[in-house]
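Below sits a lone chain in structure tokens, taken as the form predicted on its own.
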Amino acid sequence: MPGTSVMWFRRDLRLADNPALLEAGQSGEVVPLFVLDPVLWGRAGPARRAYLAASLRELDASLGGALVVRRGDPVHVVPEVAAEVSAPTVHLAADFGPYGRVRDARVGEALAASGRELSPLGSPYAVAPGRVRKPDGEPFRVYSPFQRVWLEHGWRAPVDPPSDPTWASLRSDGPPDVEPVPGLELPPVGEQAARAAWADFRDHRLEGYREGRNLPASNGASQMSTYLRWGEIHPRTLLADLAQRDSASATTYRKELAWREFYADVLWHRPESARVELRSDFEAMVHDPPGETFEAWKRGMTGYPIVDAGMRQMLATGRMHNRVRMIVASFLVKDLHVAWQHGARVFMERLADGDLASNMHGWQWVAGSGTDPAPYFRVFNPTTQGHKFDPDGAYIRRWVPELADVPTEQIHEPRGVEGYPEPIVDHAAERKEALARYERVTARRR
């Protein structure tokens, strides 16, 4: 097929604002390819698999049924597809994750062996990881100065979708069939759903975001994380709209997008931080092995209502409110003394929006081993957090039905409720223990 190229979709399941797709279309016909990589598929939990399968079906529909899904190792599959259509170039948006970088290098080598080229253009970020640096060329380790330089650096404007694309016809294995997950409530998926969700938030809830984002019972959060994770919408699209708003809430939301890009940058410079402490001195921290209390935490049966509500929301929807994520993570690391890696793996398995950089470094931030310069003394009191951010217990009642009829004045400290456990630990005692363990780590440094 002369004049044919391959567009390898990964974390960019959309047509609009996709520079790599536009470049692919300049050659003529395009094979829109998605490779179902057994490595990544095997790591995904039910919510992520269900969401991806549904998103691929939506992408296929937007391509008029032309999406080519192949199963197997991309190192073999991508060159095979390129060879089938005699495509000289495979276009893609760059992947800056630890696995993706190695995989793409191997795919590029395999293509080069047959005289073909891998052509990356763009990324899942407004500013690609590695571009924002200190004046001396070193990467940032703290968010605030990164955010300032990131904002000064700026980004390109969004680009339109292909105006008159021609999709090549090729055999496809089809989007994966996924067994329905009982009780799982995924949001609408796909590029059009993403744009509709963003428009709804932008036009009706953005101006209340600064205050509403911390209230899990409200509709104050944007709920865009899953769409961003799969690239059904690009952050440039969001940032372009935010540039038209001069408000505290718009500024706050832009800063939240910068957090996502900061964590991606940290992981790009330190890929091992997906597994080990960014701050190596925290390797001396003493942790308890995950046991019965860890299993209770996973089930949402800790006896601390705000913690249990968050864990059950994640099981039911593949999402969890961001404020509650911090509370839940702090409880595991500092009340149960379990290493952050165990909780991070649970999140990556259960979250439909599971993003390696944001997830692992969010957990490290809570654990004190990450980018925050002095965070370990921040031990969230789950009861106090519940009172502050879910004062009438609406969020708790939504996700912990055993507590639906508990009076508001008791909702954060229920006792003797049938079917609901008593607290599995004493927070005050475990807070002291957590700080004592931290003191032993700092004493080693001295």
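Note that residue numbering follows the sequence shown and begins at 1. Quick caveat: nothing in here was measured; it's all calculated off a predicted structure.
The following text describes the form predicted together with a small molecule, which does not appear among the structures shown.
Residue-level contacts in the predicted bound form: of 257, 311, 168, 90, one residue has a heavy atom within 4.5 Å of the small molecule, and it is 257.
Note on contacts: among 304, 331, 230, 263, the single residue with a heavy atom within 4.5 Å of the small molecule in the predicted bound form is 263. The three residues 123, 126 and 158 each lack any heavy atom within 4.5 Å of the small molecule in the predicted bound form.
Within this chain, residue 321 lines the site of the small molecule in the predicted bound form, having a heavy atom no more than 4.5 Å away.
In the predicted bound form, residue 370 stays away from the small molecule, with no heavy atom inside 4.5 Å. Under a 4.5 angstroms non-hydrogen atom cutoff, the small molecule in the predicted bound form lacks residue 191 among its neighbouring residues. Taking the partner from elsewhere, residue 354 is found to have a heavy atom lying within 4.5 Å of the small molecule in the predicted bound form.
Note on the interface: of 322-330, 107-115, 269-277, 132-140, the segment with non-hydrogen atoms within 4.5 angstroms of the small molecule in the predicted bound form is 322-330.
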